[in-house]
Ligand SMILES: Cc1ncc(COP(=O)(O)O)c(C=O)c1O
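First, one chain by itself: the form predicted on its own, in structure tokens.
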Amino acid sequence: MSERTAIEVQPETIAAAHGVASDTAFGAVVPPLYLSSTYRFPDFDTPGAYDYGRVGNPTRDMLGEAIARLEGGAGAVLTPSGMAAVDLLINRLPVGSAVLAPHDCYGGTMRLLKTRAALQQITLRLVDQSDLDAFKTTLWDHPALVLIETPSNPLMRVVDIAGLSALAKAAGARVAVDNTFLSPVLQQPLALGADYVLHSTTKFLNGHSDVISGAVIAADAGEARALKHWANVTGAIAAPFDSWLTLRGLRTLFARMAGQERNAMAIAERLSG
């Protein structure tokens, strides 16, 4: 193996350069924005890489590849919002499936879960996930999905992803972690045992307050394909322009997170004094 092939691409490089100078048509350094809803086939019997924009889009796929690489996942699906990302997982569950969620989860997530439960589409249980013993007692009926949010929004409570994931897996549940607040810069839930990572890319990944979008990243390649299929079935896909803007925002993710950490520490130190 040569020295060049042995070099591991750093996460900072993935964020800053994924897709750069990859345009084969004109050699554009910045990845093009593909807005087309349909695509030409080479001939009647030969499909191309893309056919219809709901099924796949080059710009959306490029962002998904970048986020999946940053999270250490097998694939990602981009959705119209962070709530749509949560619902992409929820509405794939069989009717009546038990879902465990944090008692202090994001208000939009709580509203979604309670509405699905009121429609008798899921059975919902809320638990203080900082208490592993209390959490363990809620696993008695083998829930289908455990949702984790750490740090929580907006109270910033932190829970043990690895510990919760181990208990959930032992009970046969799949685990999804909302990683919106820390981003893959500071936390990679898949490496801690999660099956899925959720993002409201509206926030830190995009970073410019001009996009509403979300993402689901799967650890397993088969699950990533299944999620992409379900997004096509339901139409829960992100727009190409939103994906292009988020990919632009991703370029500065590591620099922004570092600056925000410094600023937050300076404020905390000032307040503590």
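What you see is a predicted model, and the numbers here were worked out from it, not measured in a lab. The numbering used is simple: start at 1 and walk along the sequence shown.
Heads up, the form predicted together with this ligand isn't pictured, but that's what we're talking about next.
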Candidate stretches 169-177, 156-164, 74-82, 128-136 - the one whose heavy atoms come within 4.5 Å of this ligand in the model of the complex: 74-82
Within a 4.5 Å heavy atom cut-off, is H103 in contact with this ligand in the model of the complex? no
So, T246 and this ligand: in the model of the complex, are they within 4.5 Å at any heavy atom pair? no
Is D195 a contact residue for this ligand in the model of the complex, using a 4.5 Å heavy atom cut-off? no
Heavy atoms within 4.5 Å of this ligand in the model of the complex: does D87 have any? no
Of V30, A226, I212, L33, which one comes within 4.5 Å of this ligand in the model of the complex, counting heavy atoms only? I212
So which bits of 189-213 sit within 4.5 Å of this ligand in the model of the complex, heavy atoms only? S200, T202, K203, I212, S213
